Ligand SMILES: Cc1ncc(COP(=O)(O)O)c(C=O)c1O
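Shown here is one chain on its own, the form predicted alone, set out as structure tokens.
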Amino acid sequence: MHKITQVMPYIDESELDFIGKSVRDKWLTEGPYAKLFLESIKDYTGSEYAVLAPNGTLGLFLALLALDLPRGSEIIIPSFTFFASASSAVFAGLTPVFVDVEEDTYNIDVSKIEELITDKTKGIMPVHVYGHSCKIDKLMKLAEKYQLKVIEDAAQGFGVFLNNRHVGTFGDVSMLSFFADKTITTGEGAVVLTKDERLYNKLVLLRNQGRPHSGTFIHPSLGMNFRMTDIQCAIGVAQYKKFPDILKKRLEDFEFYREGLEGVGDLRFIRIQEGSTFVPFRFFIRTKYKKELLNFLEKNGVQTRSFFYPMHLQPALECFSNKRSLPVSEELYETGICLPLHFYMSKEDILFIIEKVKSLFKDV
């Protein structure tokens, strides 16, 4: 049986050429490709300052460490997100306070933030989920009113702009992920962005053993190793060049899915935030027949993924849940399915999935 995988990075000879040059030049740790990749990301996003990080989770952790918030401070985080948003805060000595999200965009519900703010609240971590922006412009006004730091989790946000401004450039600090399932990838890896020179200087020290550059053994600050390798960044440079083609195909395939599944059963689709561009992460559907459809597609060779399990229900985060119900995040998990969307999928693959979904709804 032909297996349609959930993820398959668009990798070919161009990545091998860049990797080969890195190896032949004997640059294994951060070097020329690291500099080129970082400059490309800065140029594309319009961010004034940026540093590399080993992965998105450590990128968020690094960003939070640089802010140096008082230990135990509360940070408001949407419950509908990947686990790293919350775990990075906990490991940074902060207390996550979970807020619900909008039912149609799946992004943080800004209207529910203010009621959660206390004297202990020091920050907000909005997540630009599934390839489009949250209402970050409105959230920034609220943060300014209460003098809160904003840490943008833009792990899935590379290439996303809100009103012509790239996500991750609104808040105090942000993270873009380049994990293997992202639109472009370095395998593992991330970039932390900031517009604050003072914060940038702290990031530089924190990520490089407390020193401004390698090769010196005088450490003016405490720091750890949050570096990447030049081989990873060589892959990133090749991927960056492919981004226009990747984006074009993802948008076309997303629309092909949508046209084929419009009006089928009780399926509901994501609404893209007004003013935001869209870089599809997967194709997203919601149905009360989630379990049946997941099982049926897997049996027919289609690898599927559920939506996020809410943070306030996570066993490891139970002590932060306050026993509150966040109904939208819960409902999204109960009904949400991610269908495959990657460069190597053919129209025939998508049509096969569409027909299988339709066939299930004939019997329910």
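This structure is a prediction, so every number in the text was calculated from the model and none was measured. Residue indices: 1-based, along the sequence shown.
Just so you know, the form predicted together with this ligand exists too; it's not on screen, but the next bit is about it.
Contact check for Gly56: a non-hydrogen atom falls within 4.5 Å of this ligand in the model of the complex. Shown alone here, Phe82 lies within 4.5 Å of this ligand in the model of the complex, counting heavy atoms only. Taking the partner from the other structure, this ligand in the model of the complex has a heavy atom within 4.5 Å of a heavy atom of Gln156.
Residue contact with this ligand in the model of the complex: Ile285 places no heavy atom within 4.5 Å of it. Among the residues Val127, Ile75, Val101, Ile113, the one placing a heavy atom within 4.5 Å of this ligand in the model of the complex is Val127.
None of Cys233, Val167, Met175, Ile108 but one reaches within 4.5 angstroms of this ligand in the model of the complex through a heavy atom, and that residue is Met175.
In the model of the complex, no residue of the candidate spot (His132, Cys134 and Phe269) has a heavy atom lying within 4.5 Å of this ligand. Contact annotation: this ligand lies within 4.5 Å of heavy atoms from the stretch 182 to 190 in the model of the complex, the single such stretch among 204 to 212, 182 to 190, 135 to 143, 222 to 230.
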